[in-house]
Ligand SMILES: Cc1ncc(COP(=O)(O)O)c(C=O)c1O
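Presented below, as structure tokens, is a lone chain in the form predicted alone.
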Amino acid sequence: MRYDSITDAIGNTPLLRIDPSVHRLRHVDLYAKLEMLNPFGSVKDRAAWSMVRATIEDAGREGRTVIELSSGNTAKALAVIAGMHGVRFRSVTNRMKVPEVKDLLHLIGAEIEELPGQAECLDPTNVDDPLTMIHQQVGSDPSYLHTDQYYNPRNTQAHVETTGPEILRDLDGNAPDYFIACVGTAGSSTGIAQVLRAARPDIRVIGLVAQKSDFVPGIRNIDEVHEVGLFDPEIYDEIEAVSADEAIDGTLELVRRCGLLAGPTGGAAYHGATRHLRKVDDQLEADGAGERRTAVFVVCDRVESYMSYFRARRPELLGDRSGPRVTATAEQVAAARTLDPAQAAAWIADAGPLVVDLRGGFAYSTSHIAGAVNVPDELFADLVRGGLPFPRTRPVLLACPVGEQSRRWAAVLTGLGHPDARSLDGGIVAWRDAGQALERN
């Protein structure tokens, strides 16, 4: 194959049949769409090129800057494409949680602006969130080419025009019985599902979201996906949650057993697919009719950019034997003690707990509860690996953006033996919305 431009190499990725001895499904042929083999490393290459293809040359002549609210693969692909055309690229994000991606964006030449926002995903209803304000401002600023991945129909259309038809072609014109996809911006899952459903109306489409209080790169949780402009719940027959542990387990199986250097998003898709299809497979076995089913999932990107993600959650995978991973079960998280803002304010006044703010340093410096100490979520994980980090004699109130991580860490502290660790329900957002006082460094 010969190309005149690297963008010509976007798409036409392989559809790989996963070895049945690995997934152990007896009556299901499971295929992986290997979007990790796109030239910039992810499924977002298609959306990025689709969103700027018609305008990038004009943007260069007019001296405009491409801007996107992204902290991951979309930003990476846009940064490369913008650089190829001599155009500046600016990434704006509330939270850049994977440092390797940030380093790579700097290497490519991107400008990065990190904001003290509350959520990684754009929430257009929260007019006070810095990310929302910038989203509104750049839309009317002619100096920017705003690709707007959460709302741009070219994101979905990239997969209607390419990814979906490629799957049909590689399955000899037949749509699979099942399509399982992680939901981020919802562009790829929506576009592919539209094509497959047009070919086969009874296809089952399974959307996978991140479990609440958990972080899986590239996937929104069930609350966040409803804030994404391209998300349409009617696309999916079922929506299921995947935990970070399950995503890592799936990644390990793809990497170690299938020869696929897939990232945790692909691992989540694989784990969610096999988990869902296990029930289908068992029913087919019980029926004994010899029928087979076909399923497709998407491997979104590559593993190399997520070493810090694995180190934070499974340090032993990277040879770190310094201590066991400390976590909490779903039952422990559900049982964690929480306080609404009014109750928390009263408890602070009466009991004087140690208030621990789990947000990043920038968000903390912008506004925090008086007297709170700042221990960002990632550092807190290292802290508890050494045992209970606070004296049992002093109660602890944990606060994070929206109350999910703080609840998980309250459960962890309780599991380590702290008698009175509590979480601020709704986080700093709820505290602010309740009119409670915040101070600034």
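Counting begins at 1, following the sequence as shown. The shown structure was predicted, so the numbers you read here are calculated from the model rather than taken from an experiment.
Omitted here: the form predicted together with the ligand. The next part is about that form.
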Overlaying the pocket C-alphas and bringing the ligand over as found in the predicted complex, would you call this site open, or blocked by 3+ ligand atoms sitting within 2.4 Å of backbone or C-beta? open
Consider residue 183 of the chain shown here, and say whether it contacts the ligand in the predicted complex, taking contact as heavy atoms within 4.5 Å. yes
With heavy atoms only and a cut-off of 4.5 Å, decide whether residue 188 touches the ligand in the predicted complex. yes
Taking any heavy atom pair closer than or equal to 4.5 Å as contact, tell me whether residue 306 reaches the ligand in the predicted complex. yes
If you check in the predicted complex, is residue 79 within 4.5 Å of the ligand, heavy atoms only? no
Given that the ligand is left out here, which of 341, 164, 250, 217 has a heavy atom within 4.5 Å of it in the predicted complex? 217
Looking at 295 to 303, 140 to 148, 276 to 284, 254 to 262, which one sits within 4.5 Å of the ligand in the predicted complex if you count heavy atoms only? 295 to 303
